[in-house]
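Here you get one chain, nothing else, as structure tokens; it is the form predicted alone.
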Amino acid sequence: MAGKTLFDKLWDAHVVKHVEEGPDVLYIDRHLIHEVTSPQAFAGIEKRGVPLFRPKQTIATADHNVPTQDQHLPIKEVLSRTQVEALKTNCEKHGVELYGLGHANQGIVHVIGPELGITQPGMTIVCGDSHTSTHGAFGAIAFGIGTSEVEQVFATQCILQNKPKSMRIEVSGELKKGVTAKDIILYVISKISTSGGTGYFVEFAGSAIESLSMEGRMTVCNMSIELGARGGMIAPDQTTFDYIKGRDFAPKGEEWDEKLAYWKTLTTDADAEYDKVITFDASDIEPMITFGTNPAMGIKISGSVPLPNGDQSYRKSLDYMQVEAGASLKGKPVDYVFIGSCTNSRIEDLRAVAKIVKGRKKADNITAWIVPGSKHVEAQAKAEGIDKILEEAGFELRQPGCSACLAMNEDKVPEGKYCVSTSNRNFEGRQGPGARTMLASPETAAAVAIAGYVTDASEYLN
């Protein structure tokens, strides 16, 4: 009998019932919820008179709609205020742990899960948010679900799910100086397209992936969804175990030893077969930036915008972004820099930014927002003096939330303005109606903020 992939092992271990010619009933270990996709699901179970089946396996936080300034004051925006209040009421009613505004554990749902030790290898994790794939960095099956599925998990702690095919994306070799996890995933998406992973669950592997910190691995898995994949994962190793140990919800004492022994078995068997394997050479990757209106429209900062070849949607994208085919983006003036989101708002990201901006000043034409992913990241940044470095450089360190990643809150990029952003999506209007988004790493975003235009961060890394 052939060996199993890590994905197969975890999926099979969580199947409660297999429906012939239909979906699997999959057991869910952790259910993460926030204020946007949970109200209708709570209303659904209440309407049917069904209790929340396992409230202790559900963790809630407020992140999408929250303001990132004056969080001690009532929320001004009516919809945001209503949703945040509904989350509080629902959690109290159903016995769910809530990390709301003002709580020391509050933050972006995909930042707080790992930093608190809630996210662990071997788990199935779901959330009503597409970037739940972030948690796959720990060797977990993690994916986003819709509101009706949130209701399913509330009622049964299970979900009906068709098993995806398996894909291995291998990035081997040594990364060049200044190339980050964000550059790896933007490069991979630019090569595979936003539909290249459709129908698959991806396992990222290879020496370049193994060399990444846990925060870097989370960035890669976070954007696996931008390949069209159901999710992404990385086999756990010593880097994973060292990261988890000692965190609030991590196993302790004998339980730690037992869990660790199990976690060490979570690898793909040598003779396992994937439905598809794609390989990349790490030395081909350079700092990346997007030029269009989907994450696959990315180029090396040293490169030029590809020609459209008669593709009308491609032309429409270039028109929206006001960029020219065949031209370089280097030197293109920018208006905003946003460093944050569930992709790049962790302490390592803020440290990388501080390293570049220390002793420098942002350009006059740039508005620079730095939004930490959680209260813990914010506190750590202050403890390390990063807040002072950013302040002196003219950057604004805000309070935790999803912020300008998706403009569901007060942080919007104005129409027609360019924003170099460390978030995960550059769709039309994603950061505000008419806003133009270029995705890049925190290092690139920091360098752009100093220069005032698109530039290569390597000039600032020495």
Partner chain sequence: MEKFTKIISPVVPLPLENVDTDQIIPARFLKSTSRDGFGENLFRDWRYKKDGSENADFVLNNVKEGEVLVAGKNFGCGSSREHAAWAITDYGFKVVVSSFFADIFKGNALNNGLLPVQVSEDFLQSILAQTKAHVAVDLEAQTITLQETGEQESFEISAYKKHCLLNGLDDIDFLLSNKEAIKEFEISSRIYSGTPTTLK
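All figures in this text were calculated on a predicted structure; none of them were measured in a lab. Numbering follows the first chain given and starts at 1.
One more form of this protein, predicted in complex with its partner chain, exists but is not displayed; see below.
The closest non-hydrogen atom of K76 lies beyond 4.5 Å of its partner chain in the predicted bound form.
By the criterion of a heavy atom within 4.5 Å, P121 is counted among the residues contacting its partner chain in the predicted bound form. Although the partner is absent here, E46 sits far enough away that none of its heavy atoms falls within 4.5 Å of its partner chain in the predicted bound form. At a distance threshold of 4.5 angstroms between non-hydrogen atoms, E378 is out of contact with its partner chain in the predicted bound form. Here is the short version: of A282, L318, C158, A235, the single residue with a heavy atom within 4.5 Å of its partner chain in the predicted bound form is C158. Candidate site formed by L186, V323 and R436: none of these residues places a non-hydrogen atom within 4.5 angstroms of its partner chain in the predicted bound form. Stretch 81 to 89 is the contacting one of 206 to 214, 81 to 89, 347 to 355, 177 to 185, since its residues have non-hydrogen atoms within 4.5 Å of its partner chain in the predicted bound form. Of the residues in 45 to 65, those that come within 4.5 Å of its partner chain in the predicted bound form through at least one heavy atom are, in sequence order, R48, V50, F53, R54, K56, Q57, I59, N65.
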